[in-house]
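Shown here is one chain on its own, the form predicted alone, set out as structure tokens.
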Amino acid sequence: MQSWDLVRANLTSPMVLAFVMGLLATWLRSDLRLPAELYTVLSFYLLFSLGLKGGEELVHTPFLMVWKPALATLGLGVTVPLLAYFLLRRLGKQSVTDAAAIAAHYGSVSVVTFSAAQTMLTMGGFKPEGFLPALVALLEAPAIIVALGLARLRTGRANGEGVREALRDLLTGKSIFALVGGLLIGVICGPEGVKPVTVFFFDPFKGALTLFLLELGMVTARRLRDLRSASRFLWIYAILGPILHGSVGVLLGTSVGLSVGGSAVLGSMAASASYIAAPAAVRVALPDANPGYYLGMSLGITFPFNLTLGIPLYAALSLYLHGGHG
């Protein structure tokens, strides 16, 4: 599949079209709503299913195949927030608190972007490695720790108690807990043990993701309003930053031996910005940071960009680096 075919297939996929439908529903003031309880259930379902499938795959994946991608992921978790903080402070002239808060979001990972990338690459014929959900769990926490540590070093506003509380909430929060819990169950049960529940957790996954993205489209349309007071630099960074981070992720993924699909998904993970775990941690540790910036950028600009154009871009770069072979 060529680059343009990837873009076209991505833009006409049910997931992207459902997201656009959600945007339109809010902009046109439709009374379309999903029950809040359904949104919560879908979030848990997607995370747990991802973990379960990742754990099942991890059982029969040789350690020698995993350790290099795992180290590369940890490297991304440290490098991306440092790079983001430096650019936001030097070029964006943001305060220490806002720069650290935004860096925490861009260093961490959006599980929905990961799910969409993995699904779209598989549909495009570039099936990623099955153990990638384990890397999501690895990437979630380090970036937030690094960014909160930076804020504490520079201002002391993220006091020790606040940082500890934020980290405790992060590690025991429902997103990490559901993902890691599913991963451990998948490892313990193995492929044979998981087989009886695949009809519920694996087969309907794409349908559940499509419904979840419909709701996210409506949430995104509302978040865009929060960016009215943001500087032009933040608008630009919300697109160019992910392209930079995603390119580094694809390069790293290729260098450690991941396939075309695996490298593209790792790039999508590096390019994504968290809007579930990071906001909870930042709200506790950096209460002075402006949520209109970090939430508006991650959910209002970066998420739709990655969903529509970013993922095909990282796939095209990965395909190029692999010599055009899937």
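A quick note: this is a predicted structure, and the numbers were derived from the prediction, not measured. Residue numbers run from 1 along the displayed sequence.
Separately, the form predicted together with another copy of the chain exists; it is not shown, and the next lines address it.
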Honest question, do 168, 177 and 208 all end up within 4.5 Å of another copy of the chain in the predicted bound form by heavy atom distance? yes
Considering 199, 236, 153, 71, which brings a non-hydrogen atom within 4.5 Å of another copy of the chain in the predicted bound form? 199
Would you point out which of 181-189, 142-150, 96-104, 77-85 contains residues with a non-hydrogen atom within 4.5 Å of another copy of the chain in the predicted bound form? 181-189
Heavy atom of residue 172 within 4.5 Å of another copy of the chain in the predicted bound form: yes
In the predicted bound form, does residue 251 come within 4.5 Å of another copy of the chain, counting heavy atoms only? no
Would you check, heavy atoms only and a 4.5 Å threshold, whether residue 33 touches another copy of the chain in the predicted bound form? yes
With the cut-off set at 4.5 Å between non-hydrogen atoms, does residue 244 touch another copy of the chain in the predicted bound form? no
Residue by residue through 22-56, which ones have a non-hydrogen atom no more than 4.5 angstroms from another copy of the chain in the predicted bound form? 24, 25, 28, 29, 30, 31, 32, 33, 34, 35, 37, 38, 40, 41, 44, 48
